[in-house]
Structures are given as C-alpha cells and as structure tokens.
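Same chain, two forms, each on its own as structure tokens: structure 1, then structure 2.
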Structure 1
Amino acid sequence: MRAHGVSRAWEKAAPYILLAPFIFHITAFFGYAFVRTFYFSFTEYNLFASPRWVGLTNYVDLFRNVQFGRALKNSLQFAIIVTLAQTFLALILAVVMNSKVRGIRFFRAAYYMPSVTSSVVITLIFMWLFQRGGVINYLTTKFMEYRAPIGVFFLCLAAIQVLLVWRDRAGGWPASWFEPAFLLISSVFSFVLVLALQAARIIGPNPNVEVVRTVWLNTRQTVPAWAGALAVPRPLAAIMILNTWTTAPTMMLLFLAGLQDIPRELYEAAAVDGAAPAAAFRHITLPGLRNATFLVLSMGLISTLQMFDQVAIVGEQAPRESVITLAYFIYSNAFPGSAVPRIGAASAAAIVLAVFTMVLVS
C-alpha cells in the first residue's frame, strides 16, 4: 500500500520535475529581467551610477518624445501590414504545398529555406537588391519596357482558357477554370501569338522607357503618397517586403500542419455533393484552420512588434525616423554608442511595448 502511494506521488510530481529546467529558465532569464526592467522604468539609471527614483517621469517624457511617436507608428504599421501579408501568403503556399504531386517535398524545403537562412545575410542581400541600380529597379524597368507584350500574353491566355473551359462545359464536362492541361495549351498558344505579333511589328518593347531609379532606402518619401498620415515610409516598406518573404515559410508550416489534420472525407463528401473547389475552401478549409490561423496571427503580431535585427542593419542606409521601431528605440536608448545610456527611458519603452503586445494578442 505504501509503495502504491509513493508511486502515485512520483506520478504526480513527474510533470513538475520535467518542467523544472524550463521553469527555472523562464524565472531566471525572463521573470527576473522583467522585474528589474519594471523597476528601472521608474528610475534614472545610466549603468554607471546607482539608480535614482523618478517615478512616472520616464513614462511622461516617453509620450512627449517625437522619436517614440514615430517608432510607435512605424511598429503599428509594420505589425499590421506584415502580419496580414505573411498570413495570406503562408495560407496560399500551404494550400499549394498540400497538393499530392511528385517532388512536393523538394518544393516544401525550397520554400522553407528563407526561414533558416541567417537574417543578417538575407538583409544584406536585400539591401543590394534595393539599391538604385539594383535588381528591383532593373526588373521594374524591364516590365515597363515589355508591358505591351506581357499584357497581350495574359489577355490571350485568359481568352483561350475561357473558350476551352466553355467548350467543355457546353459539352457536359465539369471543367475547372484553372484546368492544368488547358492552362498549358493556353500558355503555348499565347506565347506563339505574341511572338508572331512581335515579328509582324504590331507590338514590341518600348525603347523610350526611362530607367527606373527609385530610391528605396536613403529617402524620407512615403508610399502610397495619397494615403497621407497612413502612408508608410519607403525604407520601412522595403523591410516589410523582406520580412514577409523570410517569415511566411514558417507560418506556411503551421498552416500545412492544420491542413493535414482536416479529414479528407469532408472534401470527398463535398465533391460528391457537387461543391466547387472555392466552396470547399470557404466552408471546409477556412473553418478547419481556425486554430492555426489564430496561432499564426498571434505569432506574427508578437514577432513583428519586436522586430529589430533587420531595422538595425538597414538603419545605416536609411533616415532614422523612416525605419525606427519600438524595439530599435529601446536599443538605441540603452546602447547609444558614445552617449550616456538612458536605461530608465529604455525600460519604460520596453514596458510599453510589452503591454502593447499583450493587448493586441489577447
């Protein structure tokens, strides 16, 4: 009887024993740090002298600081736009990667590579891409030069695809608007037609297009210009593109796990009932991904509000007010280079960021 009691006691204690290292890590490196940060936010402290209690002065000064206002606005814009963009892109990639086609594992690994590559290396590559003579401006110039042939190609592609699908549906065949075989036929015919029109000099590249020299980083311009106060600084928009591209693959894995948990019988039953793929996606896929979507949105908001490394690397190439975020504002006050550290102001900003993150995520 006593042995049975000891066994039950060990069984109850086992989870806490296994969690002990994690709890110690959280308590020592996060709990203690949070308490110290909360205390420093009410003091004037520069790492060299003893902290001096100043009450709410740091918080009052914080909301009077123009740089903090810019950082708060940039962080909000960054979090909302990047979270929505990466969630949408991750969902599309997950749906595509969930298809059972040959070689799909290779494409899953290829799409996931940006997430495991060093963010510093990726940021440096993107800085090169966004230079005035970089790849982004070069491709934009080429698109403007060949927009007539490109437009004709897609118009022909759409027209031929509609005719092929309409012909099959008129004959009683349930052809999809994105039938792969028809898309291949439409693409080939459209490409041949564009080549023929170019050979006949009916359409062709525009040689009078000016070379695009858009300044992406070293500028204070905002995009779109008509948005007024809601416009995003162009350097921050470039970082948004970079961050979306690097984080969407991680979110794709979460959506992919959610997709594989949805029973295939539901799609088979919908197909038997004559439901179109769009209807199955709306009524089966999206409700089945409700929990995964909540997780993706929560992780996206947390990571974007705390985004620091890419801004720190690009910061030397762009005006400070165009890229500063809350995390970078905290860092620049705590480690201001040759100036005296302002740990109190940095701690107050860190507490505001923590509260702000909890409010948005909860």
Structure 2
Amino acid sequence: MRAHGVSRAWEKAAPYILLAPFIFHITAFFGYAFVRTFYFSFTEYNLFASPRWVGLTNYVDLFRNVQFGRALKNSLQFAIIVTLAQTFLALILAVVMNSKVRGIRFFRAAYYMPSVTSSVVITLIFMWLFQRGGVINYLTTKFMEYRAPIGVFFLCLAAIQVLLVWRDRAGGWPASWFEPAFLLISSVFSFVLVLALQAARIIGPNPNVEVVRTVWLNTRQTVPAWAGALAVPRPLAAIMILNTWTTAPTMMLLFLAGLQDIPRELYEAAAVDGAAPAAAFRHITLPGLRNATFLVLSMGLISTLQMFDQVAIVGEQAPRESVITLAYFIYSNAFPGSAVPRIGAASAAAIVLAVFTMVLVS
C-alpha cells in the first residue's frame, strides 16, 4: 500500500521532474530577466553601484534623446521596407519554385544557402561587395556603359512580343501577354538583333561613362534624395539589401508550404472553365496563401524590428547614427565601451522594443 502511495507521488511529480531543468532556465534567464529589465527601466543603474529608483525619468529622457529618435526611425524604416521587399521576393521565388521541373531540389538548396550561413560571414562579404572599388559599383558602371544596347534589347523584346501576341489573338487563340513561348522567341530575336547592331557599330557600349565610385557605408547621405524626411541613410539601405537577400529564401519556404497546401483540383477546375493563368493566380493562389502571408509578414516584422547583428558588424565602417537600430541602441547604452553603462536608458528602450514586438504579434 505504501509503495503504491510513493509511486503515485512519483507519477504526480513526473511532469515537474521532466520540466525542472527547463523551468529553471526559462525562469532564471527569461522570466526573471524580463522582470528585472522592467525594474531597471525605472532606476538609475551602472552595473556596479546599487540601482536608484527614478520613476519614469528614463522614459521621458528617452523621447528627448536624439540618438533614440534616430534608432526608432531607422528600426521602423528597416522593418517596413525589408519586410515588404522580402515578402514580395519570397512570393515570386515560391511561385517559380512550385513548378514541377527536374532538379528543383537543387535550386531550393542553392537559394537557401545565404540563410544558413552566419550573419558575420554574410555581412563581411557584403561589406566587401559594397566597397568603393567593389563589385556592386563595378556592375553599376558596366550597366551604365551598356545602357544603350540593354535598352534596345528590351524595346525589341517588347515590340516582337506584342506583335506575336496580336497575331495569335487575331487568329482566335487566347495568348497571354507574357506567353513564355513567345518570350523565348522574342528574346532570342532581340539578342541577335542587338549583336548585329553592335557588329555594325550602330550601337555599342558608351566609352565615356564615368566609373561609379559610390560610397555605400561610410557616408551620411540618404537615398532617395527626393524623399526628404522619409529618405533612408545609404548605409542602412545597403543593410536592407543584404537582409532582404538573406531572409527571402526562408520566407520562400513558408510560402512554398502554403502553395503546396492549395488543392490542385481548384486549378484544374479553373482551367476547364477557361480562366487565364493570371486570373487563377489572383483568385486561387493569393487567397490560398492568406495564412502563409500573415505568417511571413508577422515573422518578418518581428525579426527585422530586432535587427542588431549587421549594425554591430558594420561597426565603425559606417556613421553610428546612420545605422543605429533599437537593439543596437540598447546594447550600446548598456555596454558603451569606456563610458559608464546607462542601464536605466537601455532597459527603458528594451521595454519599448518588447512592447513593439508584442503589439505586432497580437
């Protein structure tokens, strides 16, 4: 009887035994930490002397702090622009990736590569690409040099495509404006035409193009110039490009899962009813992806709002106020190098960041 009682007690305790290490960890390193950050945000504290209660002073000061204003603006710009860009890119990638062709697994793996490597590796590579004498400026220079041939190519392509589609529609076939077979024909023709024009020296690269020497990181310029107060600091824009590039493949996987959940029969029914592919995309694909889109947008906003690594890694190579984000503001106030840590300000900013995150989720 007693043995049975003991084993009953064991059974009761079993969940807590299994959970003990995790509960210790999440309590000490998350729950307690969160509460303590909240407490610190009402105090003046430098990690050494004991905290002194100052009420709401830290929050009031925060909104008078120019650096915090910049961090807030940068974070919001970053979150909104990057989330939109990566969602859009991911959607395109997922739709292309959803085609049934051979070797798709290989491409999926290739695209996912930037997402598995560390932020330090990717950011250092990007800092190298965005050098003054780097590849980005080189490619831009080349593009400027070959502007005329490229322009002629696309004009020809559009013209031939329109002709072919018109001819087909006149014959009673429901050809789409982006009919792939015609696109293939028109691009081959335009390419040959451009080569011929180049050989005949009618068009060609412009030899007088100035070499592009854009400074991407160590500059206080903002882009685009006409956007006024909404313009993005150029170093931040470079980080936006980088982040879109690394995260879009992850988001692509989420969209891809969403696409594969849409029943094939819907498309077949649409095809039987004679719906154009574009209409099928608008009326079947997009509504079917509503959940995936919601997930991608919210995950994107949360992660971009918390951007820290890239700013810390670019470090001194870009002006601090051009790239500072909320997360970096928190870090640099808590560990300001040689100055006295301002834990109160850091914690207040941390609470602001946490509140932003939770508002986004709910």
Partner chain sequence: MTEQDRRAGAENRKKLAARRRWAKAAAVYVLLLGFSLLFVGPMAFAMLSSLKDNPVEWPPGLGSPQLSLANWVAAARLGLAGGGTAFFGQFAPGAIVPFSITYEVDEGSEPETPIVRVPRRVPGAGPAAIIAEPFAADDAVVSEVREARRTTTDGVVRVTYEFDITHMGSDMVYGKLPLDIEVPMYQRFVRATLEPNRIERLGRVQSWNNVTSGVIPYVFYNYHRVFRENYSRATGKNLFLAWIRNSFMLAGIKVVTTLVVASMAGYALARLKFAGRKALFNLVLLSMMIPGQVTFVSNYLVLRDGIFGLTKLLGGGSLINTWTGYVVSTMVGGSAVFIMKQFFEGLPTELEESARIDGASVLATYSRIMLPLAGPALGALAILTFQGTWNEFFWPLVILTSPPDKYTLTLGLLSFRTTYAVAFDWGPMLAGTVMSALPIVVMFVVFQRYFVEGISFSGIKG
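All values derive from a computational prediction rather than experimental measurement. Between two forms, the rigid core is defined as the largest C-alpha subset superposing within 1.5 Å. Please note that residue numbering is based on structure 1, beginning with 1 at the start of its sequence.
The chain appears twice here, and it is structure 2 that represents the form predicted in complex with the partner chain.
Superposed on the core, the two forms barely differ at A79: its CA moves less than 2 Å between the two structures. Comparing the forms between the two structures, the C-alpha position of L89 differs by less than 2 angstroms, with the core used for superposition. Here T123 does not count as shifted, since its C-alpha moves by less than 2 Å between the two structures after the core is aligned.
Shown is the Cα shift of A14 between the two structures after rigid core superposition, which amounts to 9.6 Å. Relative to the superposed rigid core, D168 shifts its CA by 3.7 Å between the two structures.
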